[in-house]
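Listed next as structure tokens is one chain, alone, in the form predicted on its own.
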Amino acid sequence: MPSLLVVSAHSADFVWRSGGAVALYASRGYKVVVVCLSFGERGESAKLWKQPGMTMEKVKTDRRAEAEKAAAILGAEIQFYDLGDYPMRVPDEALYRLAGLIREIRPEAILSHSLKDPYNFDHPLATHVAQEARIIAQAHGHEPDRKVIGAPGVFLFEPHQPEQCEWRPEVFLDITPVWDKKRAAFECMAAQEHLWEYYTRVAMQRGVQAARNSGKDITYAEAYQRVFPLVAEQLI
């Protein structure tokens, strides 16, 4: 079974930014695995913290439940590393765990955050960890009894403010057939309800751009930036 890996800094990031890709590839028979490095319990759960008597463990429990429900709608498996946020710190054990997962599922591609984000240092750290784990999984000397992986593509999904993150759209993915699933996954994320309409508008805008650049009838799209060159046998 082909697979796709999404490395999400916080428990909701994968829904806003790559939920369409997750649903689309799951519908095509891919094994899609989402790794949430953190629950986003400190910096991305303001609505929960405003409730009387809220505790850290309760926030984590609620965010986990939201992400699990969203992943089920999208058709993905989900794992939580619980590394904390604001700030996130990644020990070697977590890095090796991710490298082991990459060797196990051998993804066709890895999706994660932009390389820069002056508004949230957890996001580029997640991508750094994803790429480092990919490199470890390619190393013949790391756990030599396990087969190394090839060279899965790495795609960076759209940050909240792309210009400030020095991110640009290089690949448009038509998610129109699975938009209803992505929107339903949005609505699992009650702690960040303010983002539902924002990311709906983003999907529509990228849909317009995807249609213009392809001549196809596309309503909703996600945009990605490539890390590595596309290797092909022909240009067209």
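Remember, it's a predicted structure, so these values are computed and weren't measured experimentally. Throughout, we count residues from 1 along the sequence that is shown.
Heads up, the form predicted together with another copy of the chain isn't pictured, but that's what we're talking about next.
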query	finding
Stretch in contact in the model of the complex with another copy of the chain, which is absent here, among 207-215, 66-74, 31-39, 178-186 (heavy atoms within 4.5 Å)	207-215
is_contact(residue 163, another copy of the chain) in the model of the complex, heavy atom dist at most 4.5 Å	yes
Residue 114, heavy atom within 4.5 angstroms of another copy of the chain in the model of the complex	no
Contact flag, residue 190 vs another copy of the chain in the model of the complex, heavy atom cut 4.5 Å	no
Close approach of residue 62 to another copy of the chain in the model of the complex, 4.5 Å, heavy atom	no
Non-hydrogen atom within 4.5 angstroms of another copy of the chain in the model of the complex for each of 58, 81 and 106	no
Contact set, 202-236 vs another copy of the chain in the model of the complex - heavy atom within 4.5 angstroms	202, 204, 205, 206, 208, 209, 210, 212, 213, 214, 216, 218, 224, 226, 227, 228, 229, 230, 231, 232, 233, 234, 235, 236
